[in-house]
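In structure tokens, one chain follows: the form predicted alone.
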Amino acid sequence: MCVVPAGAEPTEFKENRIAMRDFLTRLGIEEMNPGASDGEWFGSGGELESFCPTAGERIAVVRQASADDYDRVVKRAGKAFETWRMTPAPARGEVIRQLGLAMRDHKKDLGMLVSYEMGKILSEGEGEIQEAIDIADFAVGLSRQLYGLTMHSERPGHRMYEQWHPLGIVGIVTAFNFPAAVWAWNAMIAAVCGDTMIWKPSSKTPLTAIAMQKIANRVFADNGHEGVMNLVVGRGSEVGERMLHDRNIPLISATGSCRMGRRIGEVVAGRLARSILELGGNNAIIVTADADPALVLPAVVFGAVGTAGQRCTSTRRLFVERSVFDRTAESLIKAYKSLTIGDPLDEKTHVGPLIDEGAVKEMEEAIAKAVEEGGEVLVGGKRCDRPGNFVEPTIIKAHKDMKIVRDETFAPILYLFEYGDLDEAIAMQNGVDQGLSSAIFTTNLLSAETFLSHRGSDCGIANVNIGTSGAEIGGAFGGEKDTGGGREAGSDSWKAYMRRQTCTLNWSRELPLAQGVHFDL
């Protein structure tokens, strides 16, 4: 069950905010809401506590799903698939249209819940729900565009074409930093493709998942399609491992660390199933001497400190051409000193807390390691002297021989490098194991095209004169190398959620055989 304990409201929150219990109640998060749903709510596993990172106080206790609960959800999802896959794709799109409208109705409360449970500032919390709404809109249009190709056959009187069929049950594993949007990127597309799904959210943000699932349950029930979208809140060692090994699930789409992704990739590949992996990002921006400073400053600051550096697309490394290095560093230091750190529900706040104590410790250890390797802290570098998991956004002057800069620390640490020529900068940017997002700021066409060419960025996302964060849902989202190679959201990413079938139809009265083989029959 999910119990919201009395007196759980953090004392550090601003006094004039909407009471926590009020917006949770409006979202249907009340007592006796277990952590598994296939249209009904149940749970027989252990208890999971949800904590507010702003003050470290407990928000709720969720009764998790057990292995038996998981099996029940899988059975229900499989049964729902039999009906949902036969529903015309435009009709599936109509249900998703209604789901998008329902999320619009609850956008403010959902955004507040994301901020409250995860810690990102309110504008980012509401922005995340808007992403979920946007991908629903995208999926509605997609439901009428699941196109297959036609091909000319070499055999007379034959027609060749390809068509796409629903894949089955899709497993969706999401991380704490985008507790609503990443589920939506997968779920909305999978739904219009005719799949059913089982969502395993991060154990650090279960309430957001429960709220989103409740909205989905109502919309699908109103349309007579229960069991299409399902939720399982449970331990990775119990529910997560069961999902990875489950031959009933032909696709696992997972967002998380590279370490987690390797485990998922190995297990899922071992049973010859598919995976979409969205893993770590050690993202970089290159600033050339001719770059427009008015564009550089807000892009770098937002990319490095947005969501307190807890985005997979957060800017972690900045390469600045030598002639403008000092000027750029001074501007960034000044900007960092002007940031407001505090209550994420306060509209004046720029930087909220890290997710938990472990994240604070990892940041402190990374800073210490950077200094040990010869880095210089230019600004920040400390934990804030106040309750909660607040830290100072940090800039560290770095050099290319530092080992720590090759790691992704999920915190607001920006490593600042000086470079001589563009080839050197591109080599340093590409010289890490991750390959998610990248950017260059330049007014030189040759530099921009070099960055986008075969010898330029090796990342899945490459931007010119915009930062590494803020990908649009219309484009395929994902990266290369240790980032996993998966793609979600726009473009033709829908194909990962379907199976391709090549069809040949003989409308003649002859049967020409392949390779010219002839039987005298």
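Note that the structure is predicted; figures quoted are calculated from it, not measured. The first residue of the shown sequence is 1; numbering continues from there.
Not pictured, yet referred to below: the form predicted in complex with nicotinamide-adenine-dinucleotide (NAD).
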| query | finding |
| --- | --- |
| 4.5 Å heavy atom contact, T87 to nicotinamide-adenine-dinucleotide (NAD) in the predicted bound form | no |
| 4.5 angstroms heavy atom contact with nicotinamide-adenine-dinucleotide (NAD) in the predicted bound form for G240 | yes |
| Non-hydrogen atom contact H225 with nicotinamide-adenine-dinucleotide (NAD) in the predicted bound form at 4.5 angstroms | no |
| nicotinamide-adenine-dinucleotide (NAD) contact in the predicted bound form: N444, any heavy atom under 4.5 Å | no |
| Which of 395-403, 140-148, 120-128, 249-257 lines the interface with nicotinamide-adenine-dinucleotide (NAD) in the predicted bound form (heavy atom within 4.5 Å) | 249-257 |
| Full three-residue contact with nicotinamide-adenine-dinucleotide (NAD) in the predicted bound form, heavy atom 4.5 Å, for W185, L244 and T483 | yes |
| The single option of S275, S202, T328, T450 touching nicotinamide-adenine-dinucleotide (NAD) in the predicted bound form, heavy atom within 4.5 Å | S202 |
| Contact residue in the predicted bound form, chosen from A439, M229, C312, A308 - any heavy atom within 4.5 Å of nicotinamide-adenine-dinucleotide (NAD) | C312 |
| Contacts with nicotinamide-adenine-dinucleotide (NAD) in the predicted bound form, stretch 356-384 (heavy atom within 4.5 Å) | none |
